[in-house]
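Okay, so here's just one chain, in structure tokens, the form predicted on its own.
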Amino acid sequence: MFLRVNDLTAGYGGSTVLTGVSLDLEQGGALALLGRNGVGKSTLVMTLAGLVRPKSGSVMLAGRELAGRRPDQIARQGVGLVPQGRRVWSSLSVADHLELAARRARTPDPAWTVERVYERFPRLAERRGHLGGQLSGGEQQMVAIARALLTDPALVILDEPSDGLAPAVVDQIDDVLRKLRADGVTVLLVEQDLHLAFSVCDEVAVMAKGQVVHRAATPAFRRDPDTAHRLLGVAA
């Protein structure tokens, strides 16, 4: 198994948010992580990326242990993070963002280059001279995704990429993510927009109270509205 999270416990200070989280993901696959607000999804993302130190448990990526390592070490092992809120610098141009990210590539001959990113995101090529603060929310999200790809990741983790975006822009993000899947990128997607999650991902896992409480293939989950309503409060 490409990514294997086993019995992961983590939190902040003296509080525990994740209590024995376990999940796995095959190389080239895509898993949507769903759940109500406050159940630990973003804490899991930050723990996988090294921004929160786990109290116990294991995170294996391609046979290498990542739990407890620094964020830069985890990034060099092939984890690319697209954080919630995008975190694009308003004073840097699109080109600046991409060139900075490209310098952090973990391999000397990365699969993703600035030129390839511009081919995949033609809107960014058009806006390469614009500052981050001049971009729309959708364009900023494309910068955040492109920035992660330029580290040449084996796994891309996206935390709520549709957050705050208009439906038409979410459709653009959907198209981008499906193309990344076609490129063989492994995806862990934390998302509230079920349409986007179902479109991109083969499987869904649902969190509640700091644990993964349900997992199913996407088609099966969509055929089970009672379970979706019970766990998420919405119809699938």
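So that there is no doubt, residue numbering starts at 1 and follows the sequence shown. Predicted model, so just to flag it, every value in this text is computed and none were measured.
The form predicted in complex with a small molecule exists for this protein as well; it is not shown, and the discussion that follows is about that form.
Taking non-hydrogen atoms only, V206 never approaches the small molecule to within 4.5 angstroms in the predicted complex.
Although the partner is absent here, V39 sits close enough that one of its heavy atoms falls within 4.5 Å of the small molecule in the predicted complex. When the small molecule is considered in the predicted complex, Q192 lines it closely, a heavy atom lying within 4.5 Å. When contacts are judged by a 4.5 Å heavy atom cut-off, Q84 counts as touching the small molecule in the predicted complex. Contact with the small molecule in the predicted complex, defined as any heavy atom within 4.5 Å, is confined among 193 to 201, 60 to 68, 177 to 185, 31 to 39 to 31 to 39.
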